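A single chain, nothing else alongside it, follows as structure tokens in the form predicted on its own.
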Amino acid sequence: MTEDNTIYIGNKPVINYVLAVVSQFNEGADEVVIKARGRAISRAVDTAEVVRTRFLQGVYPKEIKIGTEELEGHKGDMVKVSSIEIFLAKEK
């Protein structure tokens, strides 16, 4: 797995991330990782589901990792933020 096959979810519309995932698979990737933190987690799940149900047949969630990361907040304090990694793979 290379860093090239990783899609980081931010504040753009879901379709932007869907197209990024689809293009990774079309370029020959066997697996794509969708990563998100905090409020973007729901957008990451939406991206994975739209790819699976509407754009690519034979793609399934191989693994899902969840966790908590500590980041420095605006006031210099440590804030805990949830994170998710969704590993999508092609059926062989």
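One rule holds for the numbers: they count along the sequence shown, beginning at 1. Model, not experiment: these values are computed from the prediction.
Below, we turn to the form predicted together with another copy of the chain, even though it does not appear here.
Q) Is Ala29 one of the residues lying within 4.5 Å of another copy of the chain in the predicted complex, judged by heavy atom distances? A) No - in the predicted complex, heavy atoms of Ala29 and another copy of the chain never come within 4.5 Å of each other.
May I ask you to check whether Ser83 falls inside a 4.5 Å heavy atom distance of another copy of the chain in the predicted complex? Contact check for Ser83: yes, within 4.5 Å of another copy of the chain in the predicted complex.
Notebook entry, point to check: Is Val33 close enough to another copy of the chain in the predicted complex to count, meaning some heavy atom within 4.5 Å?
Noted result: Val33 lies outside the contact set for another copy of the chain.
Answer yes if any heavy atom of Val45 is within 4.5 Å of a heavy atom of another copy of the chain in the predicted complex; otherwise answer no. Looking in the predicted complex, residue contacts with another copy of the chain include Val45, since a heavy atom lies within 4.5 Å.
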